[in-house]
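Encoded as structure tokens, the following chain is the form predicted alone, with no partner shown.
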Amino acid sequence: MTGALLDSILDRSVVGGYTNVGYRIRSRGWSRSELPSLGGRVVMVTGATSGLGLAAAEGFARLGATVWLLARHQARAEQARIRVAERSGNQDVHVGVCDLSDPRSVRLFAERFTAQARRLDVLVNNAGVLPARRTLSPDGIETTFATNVLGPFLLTSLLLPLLERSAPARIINVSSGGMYTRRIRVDDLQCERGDFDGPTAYARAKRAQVILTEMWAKRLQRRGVMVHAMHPGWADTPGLKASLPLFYRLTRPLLRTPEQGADTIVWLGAAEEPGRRTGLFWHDRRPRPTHLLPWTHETQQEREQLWTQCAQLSGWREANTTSEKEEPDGPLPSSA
């Protein structure tokens, strides 16, 4: 494990911390054997047909978990299932079909899954898109916001009863270091004002994910569900190659493998430390600040407005959770 000073220098340098250089330095001394077995646990990973999601699913399968791969297309999901089962030696891998940009698809999947599943210990909200042009979801919601924010918000909401029954449980939201460059725009969540810019919309959505992570954590901290966000650094994934081709070409020698980028996802779902506290933003197995630039900070009112708009747009009615304004006192529950 690197010292705190070197780790901080790597993180602030961005290139040093987000690339495979930072991962190689920080991961000295890490080993898969330090993570406990997840036998008997159920893990769901969205966006699991390639890149980080596929690597995370394989990591969880290697630890013995029952793994559900959630994807839009049945055929691609089945190919991923076969790969994860073969490479991990774990045949307890399953497929769920769900389009996170479509609330009806999310509701249908959640209804079917909760009807048949006995438990859900870890939910990884990994699926995401970065479109070049402004497009709309089946419900008329801007696609970036619908897929990266609204869909995971609704899926998490609908699976909460199952997560609570399985407690101690964990929710892991996969964000991006790009969120450091943007603040939330609650007055324009769907990028209707001005010219649309894909990377900007994506960064704002990832900022929203981190804010919602903190809000979920406070609402659920007495219910045995830990909620964390993370960013994987710069990883060599099909999504990056397709969405940011110039950046991909310039940085390719420094990009992390999907397995390196997904390492902290698996660690957050399995290790003991993330089960002792909640609501943090992680990179390479260490908590990181959520803001590096002063103008990216949001107000409490903006946080509540984000939550309200997500609930309204998704059609979800909140019940039996504690709001940020009603945070109870006392120690947080721990989980293994």
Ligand SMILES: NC(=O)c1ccc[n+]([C@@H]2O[C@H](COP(=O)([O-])OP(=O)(O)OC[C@H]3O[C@@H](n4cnc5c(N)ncnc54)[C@H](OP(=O)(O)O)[C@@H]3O)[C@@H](O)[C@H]2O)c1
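All residue numbers are counted from 1 along the displayed sequence. Being a predicted model, the structure only gives us computed values, none of them experimental.
Only in words, not in the display: the form predicted together with the ligand, which the text now covers.
By the 4.5 Å heavy atom rule, the three marked residues F60, T66 and V122 all fail to count as contacting the ligand in the predicted complex. Contact check for G51: a non-hydrogen atom falls within 4.5 Å of the ligand in the predicted complex. Taking the partner from elsewhere, L158 is found to have every heavy atom lying beyond 4.5 Å of the ligand in the predicted complex. Contact check for F153: no non-hydrogen atom falls within 4.5 Å of the ligand in the predicted complex. When the ligand is considered in the predicted complex, H73 lines it closely, a heavy atom lying within 4.5 Å. Checked against the ligand in the predicted complex, the candidates P238, P168, P131, P245 yield a single residue with a heavy atom inside 4.5 Å, and that residue is P238. Only one of V84, A127, L189, A203 lies close to the ligand in the predicted complex, with a heavy atom inside 4.5 Å, and it is A127.
Heavy atoms within 4.5 Å of the ligand in the predicted complex are found in exactly one of 190-198, 87-95, 226-234, 211-219, that being 226-234.
Counting a residue when any of its non-hydrogen atoms is within 4.5 Å of the ligand in the predicted complex, the hits in 171-186 run V174, S175, S176.
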